[in-house]
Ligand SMILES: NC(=O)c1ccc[n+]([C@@H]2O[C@H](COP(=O)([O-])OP(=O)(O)OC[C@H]3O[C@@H](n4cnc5c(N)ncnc54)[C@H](OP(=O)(O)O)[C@@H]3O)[C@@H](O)[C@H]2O)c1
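One chain is shown next in structure tokens, namely the form predicted alone.
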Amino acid sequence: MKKPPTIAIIGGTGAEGLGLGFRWAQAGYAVTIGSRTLEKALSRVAELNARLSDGKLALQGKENFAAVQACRLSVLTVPYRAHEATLLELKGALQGKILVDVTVPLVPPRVDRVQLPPGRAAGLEAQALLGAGVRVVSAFQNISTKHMRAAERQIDCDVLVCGDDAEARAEVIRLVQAAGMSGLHAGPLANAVAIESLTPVLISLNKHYGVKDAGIRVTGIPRADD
């Protein structure tokens, strides 16, 4: 059986990064939470490790660059305003690896409105910045942080996963499943334009219906549990 990848979560001290990191650690993955400051990473990791079940691998905390160097798969969970600068800083360390880009190009204060960035999608901008040496996969944009914080393993939402490398996409689908969600192959990285744009739509739905956890569920696709 193929050994699970070691995972670095870049800018992982926010709700989304911590939620994913905890779920993957519970599933037996080696996870490092990265941050711009070591102190913040270590503080957040101590909180997560206190919640881990007995026998699970403890999470580690490192500065972003050190976290990426020690992994073979990274997950980027920074706000869009920090997207380009973070990628340029880590470009060398990311070469030869998979990068899962979770970023959504939201523009405050109108975060409930679709606003395409200059490169049409954060995932496409990441690939352009990093070059062909990094396999960029776009995923997890449409999952509420309320779900991430929940202790329950299963989340009744689909994660749309797109990327130009089929093997990298399949790797990320396995990560989605390990985190307690359903992952669907959603085509090439160009489709990140549509997938990222769904997030402002979900924010609008949350506002209108007074909820915090609207998500996506695709019908008509056979499921393993059907």
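As the structure is a prediction and not an experimental result, all values here were calculated from the model. All residue numbers are counted from 1 along the displayed sequence.
One more form of this protein should be noted, the form predicted together with the ligand, which is absent from this view; the next part is about it.
For the candidate spot formed by Lys56, Gln154 and Ala178, no residue has a non-hydrogen atom within 4.5 angstroms of the ligand in the model of the complex. In summary, among the residues Ala82, Leu88, Val111, Ala128, the only one with a non-hydrogen atom within 4.5 Å of the ligand in the model of the complex is Ala82.
You can rule out all but one of 67-75, 111-119, 136-144, 90-98: in the model of the complex, only 136-144 has residues with a heavy atom within 4.5 Å of the ligand. Interface residue remark: Thr32 is not counted as part of the site for the ligand in the model of the complex, having no heavy atom within 4.5 Å. The ligand in the model of the complex comes within 4.5 Å of a heavy atom belonging to Gly14. Of the residues in 85-109, those that come within 4.5 Å of the ligand in the model of the complex through at least one heavy atom are, in sequence order, Thr86, Val102, Thr103, Val104.
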